[in-house]
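Shown next as structure tokens: one chain only, the form predicted alone.
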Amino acid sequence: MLVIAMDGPSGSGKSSVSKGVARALGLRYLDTGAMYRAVTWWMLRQGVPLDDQAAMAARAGEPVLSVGTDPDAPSISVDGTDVAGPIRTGEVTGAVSAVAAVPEVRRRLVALQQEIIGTGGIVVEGRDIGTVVAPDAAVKIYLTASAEARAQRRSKELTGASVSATQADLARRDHLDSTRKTDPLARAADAVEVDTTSLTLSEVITEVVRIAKGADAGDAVREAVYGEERP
């Protein structure tokens, strides 16, 4: 079973690259960030105070998430409600780091993510995939890009957001994500870093697929991609 762990900060291109790689290799796709956003959306709807970790921890097990893994039509719902659109609002974006820092939330979602991974080959994107969620993944990629490039990409996704404001918000989220006590954003020691600043989307996808097909990636990759049996 081939698992590709795709980590990196916001705006580095994880989602587009992960879906492209999944299509190219015939794998499923999982956006773990969407799961944290979904729980954040639920907390906001329920009126749970996001400055109270104990309150969030007490209700972390309540929302029921359903996640689709088709790279051409990824989906996510909470308690039967499609939240693919609502979780991308500025309100959720500004609050998700606080919710993602709650250990009880992370434990629940990591367990769900590992359950999904265990059902077959998949590209998984997030911030702690190679270090926590799938530390035994055959291929680990850490995407990065300059602060300016990341801000430009993300501002195009957000209605009415200026590049400067977006860059400041990304810096804030980077700090929160990399300094939280539980499962912080980090590059796995054995991950291959790919700087996407000056590359097109297709170039990044091609590079990641090349890495996945490399002989150094191990038997799991060669068997999944080339159909070769292990000796």
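Please read all numbers here as calculations on a predicted model, not as lab measurements. Sequential numbering from 1, following the sequence displayed.
Note that the form predicted together with a small molecule isn't included here; everything after this is about it.
Visitor: May I ask you to choose, among Ala151, Ala134, Val96, Leu143, the residue with a heavy atom within 4.5 Å of the small molecule in the predicted bound form?
Guide: After the contact test, the surviving option is Val96.
Visitor: Tell me which of 33-41, 50-58, 187-195, 63-71 has residues with heavy atoms within 4.5 angstroms of the small molecule in the predicted bound form?
Guide: That would be 33-41.
Visitor: Is Val123 close to the small molecule in the predicted bound form, meaning a heavy atom pair under 4.5 Å apart or at it?
Guide: The answer is no: Val123 has no heavy atom within 4.5 Å of the small molecule.
Visitor: Although the small molecule is absent from this view, report whether Arg106 comes within 4.5 Å of it in the predicted bound form, heavy atoms only.
Guide: Although the small molecule is absent here, Arg106 would touch it in the predicted bound form, with heavy atoms inside 4.5 Å.
Visitor: Spell out, yes or no, whether the shortest heavy atom distance between Arg28 and the small molecule in the predicted bound form is within 4.5 Å.
Guide: The answer is no: Arg28 has no heavy atom within 4.5 Å of the small molecule.
Visitor: Given that the small molecule is not shown alongside this chain, does Val139 nevertheless sit within 4.5 Å of it in the predicted bound form, heavy atom to heavy atom?
Guide: Answer no; every heavy atom of Val139 is more than 4.5 Å from the small molecule in the predicted bound form.
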